[in-house]
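A lone chain, given as structure tokens: the form predicted alone.
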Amino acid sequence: MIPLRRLLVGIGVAALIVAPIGQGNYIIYTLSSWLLFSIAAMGLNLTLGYAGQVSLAQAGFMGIGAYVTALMTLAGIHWLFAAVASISACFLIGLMLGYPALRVQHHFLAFVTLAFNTLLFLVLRNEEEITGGSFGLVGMPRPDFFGFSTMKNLQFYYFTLVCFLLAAGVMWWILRSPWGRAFKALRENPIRAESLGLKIRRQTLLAFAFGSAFAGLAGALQSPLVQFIEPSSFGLIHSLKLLLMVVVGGAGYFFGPMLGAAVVILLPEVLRFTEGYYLIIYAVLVIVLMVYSPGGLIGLGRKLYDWMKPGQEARRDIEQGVQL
């Protein structure tokens, strides 16, 4: 099974390398958006899917990462240092946002994170001297690395792909480390996990901090990709969109956020040939998926695999022995 999984991952990476070749700028831009939203959804999947902590503030952390990167790169600082600052800022703020999770859970925690996202939106809109207010910030440069420029869309796509693979590797390492096992124990039964010696308080804070740091990296990539950011790009509707990516793909599965981001970002573009009906078709497909497979696309795949797998038959001699 493990060699097969490695083969499938290798085929997937090869497909990502080949996908933009020969495509127009809009398709390459859409693929880049899918990669960076996959990074943000991976972080939310860690907080929600693995640690069981509800968060509606993921787009807000993308906004923090995007604005920190924009302000620093517009001041002449290289993107790499700006990205490190964005990830660090989101990690620390995510750590602080985790404190309410120590006292409230479930939908109450969702309201707390919702309030944080709304408060951040108001700060970004009203602090015009720093953030540009409703007019936003424009003209963020794309980075150069040792003579390799990412100014063209195809070059920036491969730069985003490298960041995506690094983020996926870090997430894979976290999930297979003692932290990852502690997050799963926190999700399944916090009281039992604490009785076994797990420090619930620390794990809850780290779940928010790690998830927010991934959103910070996604924001640091979004800033040079679109080269224009404004507060409404990081409002509640985008946090709900990230939540939809995790749920549709499969919360608690490693590849779930990537599949979910593909559905949310790429599927509407695929359905555009239906003209005015594409949003209706898209909404119906998502509703049908959620009704028949609450575990998302990964859960649906597992159901099909179990249905196609031959069932175990009892040995006839054992059945005869039971009858005797």
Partner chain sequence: MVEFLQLILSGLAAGSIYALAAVGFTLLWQASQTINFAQGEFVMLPAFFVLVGMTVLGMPMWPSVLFALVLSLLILGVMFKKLIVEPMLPHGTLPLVIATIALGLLMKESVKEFYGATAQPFPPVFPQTVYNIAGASISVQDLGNLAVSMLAIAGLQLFLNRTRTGRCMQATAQNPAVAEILGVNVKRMVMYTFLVNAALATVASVLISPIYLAKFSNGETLGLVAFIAAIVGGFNQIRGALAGGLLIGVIDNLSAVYISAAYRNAVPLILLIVIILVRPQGLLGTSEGRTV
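Note that the coordinates shown come from a computational prediction; the quantities given were computed from them, not determined experimentally. For clarity, a rigid core is taken as the largest C-alpha set superposing within 1.5 Å between two forms. Positions refer to the first chain, counted from 1.
Note that the form predicted in complex with the partner chain isn't included here; everything after this is about it.
Exercise. If you check 115, 226, 92, 74 against the partner chain in the model of the complex, which one has a heavy atom within 4.5 Å?
Worked result: By the 4.5 Å heavy-atom cutoff, the listed residue in contact is 115.
For this session: Would you mind picking the one in 176, 152, 107, 202 that has a heavy atom within 4.5 Å of the partner chain in the model of the complex?
Result: Selected residue: 107.
Exercise. Do residue 277 and the partner chain come within 4.5 Å of each other in the model of the complex, heavy atoms counted?
Worked result: Yes, residue 277 is a contact residue.
For this session: Report whether the minimum heavy atom distance between residue 243 and the partner chain in the model of the complex is within 4.5 Å.
Result: Answer yes; at least one heavy atom of residue 243 falls within 4.5 Å of the partner chain in the model of the complex.
Problem set entry | the partner chain contact at residue 29 in the model of the complex, heavy atom, 4.5 Å | Close contact is absent here: in the model of the complex, residue 29 is far from the partner chain, nothing within 4.5 Å, heavy atoms only.
For this session: Determine whether any heavy atom of residue 163 comes within 4.5 Å of a heavy atom of the partner chain in the model of the complex, and answer yes or no.
Result: Residue-level check for residue 163: no, no contact with the partner chain.
Exercise. For the chain shown here without its partner, which stretch in 254-262, 62-70, 35-43, 283-291 has non-hydrogen atoms within 4.5 angstroms of the partner chain in the model of the complex?
Worked result: One stretch meets the cut-off, namely 283-291.
For this session: For residue 29, state whether the C-alpha moves by 2 Å or more between the shown form and the other one after rigid core superposition.
Result: No; that C-alpha moves by less than 2 Å between the shown form and the other one.
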